[in-house]
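Presented as structure tokens, the chain that follows is alone, the form predicted alone.
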Amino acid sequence: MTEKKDKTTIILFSGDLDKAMAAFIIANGAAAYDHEVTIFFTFWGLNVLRKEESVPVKKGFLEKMFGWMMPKGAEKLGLSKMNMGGLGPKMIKHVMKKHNAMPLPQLIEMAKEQGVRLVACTMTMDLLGIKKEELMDGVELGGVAAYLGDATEGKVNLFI
């Protein structure tokens, strides 16, 4: 008989660098403790999953505007506090490098390697005009029912 793994779910609502890092640090820690981990990305959190390069997809005017105004990928995120016109993220990345802390792109890769499920909210994708082709490889698509299915079995459920 196989033992059922504990589950951890995280809703990443924020597109801020510091909050995304916290979500992935917790996700990687939970996966290291042999939890099944799901991160559900909704609204501004979807920006973490966006590819940095432009992807040719058909969009309407408002969808194009959203895409233009939102950051593309983990390297382009601002800080929730002390962003200072983009200087804050540069400073925190410098301090992280000095202290040998893993940058967000590496934390994302580690999460993928550990089997953390990255689920993009389809409703939010529709609202913001984000297409699957614009998201990094390995991202699953799902609605709120998919998240709730995992969360009802979750031992730890977080909203970031």
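Numbering starts at 1 and runs along the sequence shown. Note that the coordinates shown come from a computational prediction; the quantities given were computed from them, not determined experimentally.
Only in words, not in the display: the form predicted in complex with another copy of the chain, which the text now covers.
> Given that the partner is absent here, does Ala145 sit within 4.5 Å of another copy of the chain in the predicted complex, heavy atoms only?
Close contact exists here: in the predicted complex, Ala145 approaches another copy of the chain to within 4.5 Å, heavy atoms only.
> So, Ala22 and another copy of the chain: in the predicted complex, are they within 4.5 Å at any heavy atom pair?
Taking the distances in the predicted complex, the answer for Ala22 is yes, it comes within 4.5 Å of another copy of the chain.
> Is Gly29 close to another copy of the chain in the predicted complex, meaning a heavy atom pair under 4.5 Å apart or at it?
Residue-level check for Gly29: yes, a contact with another copy of the chain.
> Lys155 versus another copy of the chain, in the predicted complex: is there a non-hydrogen atom within 4.5 Å?
Lys155: contacts another copy of the chain in the predicted complex.
> Within 4.5 Å of another copy of the chain in the predicted complex - does that hold for a heavy atom of every one of Leu46, Leu104 and Gln114?
No residue of the spot touches another copy of the chain in the predicted complex.
> What residues in 92-109 sit within 4.5 Å of another copy of the chain in the predicted complex, counting heavy atoms only?
Stretch hits, in order: Ile92, His94, Val95, Met96, Lys98, His99, Ala101.
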